[in-house]
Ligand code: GLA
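Take a look at this single chain, the form predicted on its own, given in structure tokens.
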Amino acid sequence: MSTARFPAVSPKFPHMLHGGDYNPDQWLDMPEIINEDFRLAKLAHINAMSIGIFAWTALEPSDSTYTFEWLDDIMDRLAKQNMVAVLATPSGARPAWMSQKYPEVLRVGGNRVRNLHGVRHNHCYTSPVYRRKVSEINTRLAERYKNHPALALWHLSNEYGGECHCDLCQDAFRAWLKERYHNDLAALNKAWCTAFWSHTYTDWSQVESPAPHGENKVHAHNLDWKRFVTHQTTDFIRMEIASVKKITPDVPVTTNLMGFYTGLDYWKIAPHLDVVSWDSYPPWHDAHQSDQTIAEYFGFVHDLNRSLKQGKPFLLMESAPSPTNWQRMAKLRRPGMHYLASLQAVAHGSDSVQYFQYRKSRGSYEKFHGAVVDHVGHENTRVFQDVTDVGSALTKLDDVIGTTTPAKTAIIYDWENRWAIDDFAGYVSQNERRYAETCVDHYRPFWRMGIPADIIDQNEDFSKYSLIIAPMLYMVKPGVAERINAFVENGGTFVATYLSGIVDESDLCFLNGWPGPLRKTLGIWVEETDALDATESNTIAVRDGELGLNGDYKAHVVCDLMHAEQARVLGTYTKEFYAKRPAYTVNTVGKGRAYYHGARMEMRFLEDFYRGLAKRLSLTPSLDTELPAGVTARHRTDGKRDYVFVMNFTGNQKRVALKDTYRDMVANSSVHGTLTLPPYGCSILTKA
């Protein structure tokens, strides 16, 4: 779907959502706290609360005995103050009585030992008992609040994740495999290459999930297990959706995703949600990386979440206005950073800024996790004022709701590809492969130029883009190479790197030379790949006048020894026995071109390369100006008017030259000539 503006997430509330995870069930014995929470919420321009996320015991203290009165009170208070509820289903953490009465709901680990009661998401997605109990509580919530004026959105569970290896899941895994391989055990054996190590299966009953004390080295087996876990989790999510949608069909559903979380393939889950949401916790002010570097990384993930629904705005479901307790260092947000980080999410497509948590809990694991209301319990704190500033700004952004960020550049990020890369043995250590980080590295130049980019799966439609970048496309699924070739033939530009075109969807190596089915498009053959130690590097001499690359660039980690077949050589190695061999090439196919980076290149090369490519392809930045270091611009549009977010991710004042006159939407003032951004400053501009 392609459109300039989407409807607001909730038709009954066409405003930016500003709120947080609220746990009044922790304060039922202190009603004065709840009264104060609602007074403070109005001061901070809080208009939405995510409630009931971990409240199952408070809702059902014993089997089939329900206590909704406290939630009735909270829902009524929200409605009275013109606030809305992001009402959660409580499946993320089940009551102790349930674990005791129905032990089958507890997960079994890969070691085949059943877990004890505790933590979160310690439940079996396959268990009929657990599914029944979840459906029952969800149905009662939907029935009770279906006509409540505060209900705006269903929040399914919380951060789905993990896996179960119980007998029920083993049976379900076998059933899934039978369907995948059309009940043909020989087809499974072929796909899994079980002839290796004499692991051929002769009966379906012999197949089990991977285990630390059993089978865990068959890559296709591991891959299919991860696919099954995504399938089973998605099926559970669909059950949760059905339980509320049958009663409240017009109330949208979401669940909070976790960025690059490797346990699930979010491309498979997103189609079942009405809106995507995610939990963002950047480690700002880390001594080992700059705030700009962190902003680029999280900008990529924001764009990924927007792209999961083909450009539809997402929701920032959780963020922290103050230190996050589980990070390496609990750094305080420097002045301006909370405002900037919040609006960064909006700039990339979020129609909300929400927090974990609204009020700090008194005890347990997250008692020192950031919150709007600290243990001191009043509004006279720096953090509360920061949150209030964000809330005030969001009240002025109704025109931005539902707007999109059109992009002509796309970067492929594929979860199954990552699973395969993380699992194989060879080339370099798993820590050095850095698939996600490499994708982000290819994104950074566009962030720095202020050019928007989509993040796509390799099965997405390529035709709407001018440039597609596929870092480390190790796994090439059926039909993808043909679609890439057609994209280039029709005038598109394609960029691939080392470790591409190695295996098929079953993690079986392509024969007849790498990069396998991409060989025709790229016009090269990779004979070998050298691995470089952290202390080693090579140099690539580049002569690419068209893109303005003329000089030497550092190569590290991996270096392909390749042959240029149809491709033109633009860069060669200068060291080692493969000196003067091709390292950087371009191939003309029809109306388009396909570039290949045969080594992991330093950031300076990627910046120069993509700047040259952006100029050649006339890729339009969000703001027509040269952005100073550490500053980026990102726009959203309704098709008629652009809303440009100009953001300074440095601790220094920055000046941005403007070619037009703009109105600052928050300050409601005219800006022309020069925009001055304070340290960690952000301005939202629209044409005057």
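Note that the coordinates shown come from a computational prediction; the quantities given were computed from them, not determined experimentally. Don't overthink the numbering: it's just position in the shown sequence, from 1.
Missing here is the form predicted together with this ligand; even so, the following discussion is about that form.
Out of the listed residues His117, Arg120, Lys396, His285, Arg120 is the one that sits within 4.5 Å of this ligand in the predicted complex by at least one heavy atom.
A heavy atom within 4.5 Å of this ligand in the predicted complex is found for exactly one of His165, Arg444, Arg333, His369: His369. Contact with this ligand in the predicted complex, judged as any non-hydrogen atom within 4.5 angstroms, is confined among 155-163, 67-75, 409-417, 445-453 to 155-163. This ligand is not drawn, but in the predicted complex it has a heavy atom within 4.5 Å of Trp326. For Ser350, no non-hydrogen atom is located within 4.5 Å of this ligand in the predicted complex, even though that partner is not displayed. Among heavy atoms of Asn256, some come within 4.5 Å of this ligand in the predicted complex. When contacts are judged by a 4.5 Å heavy atom cut-off, Asp530 does not count as touching this ligand in the predicted complex. Annotation for 265-279: the only interface residue with this ligand in the predicted complex is Asp279 [heavy atom within 4.5 Å].
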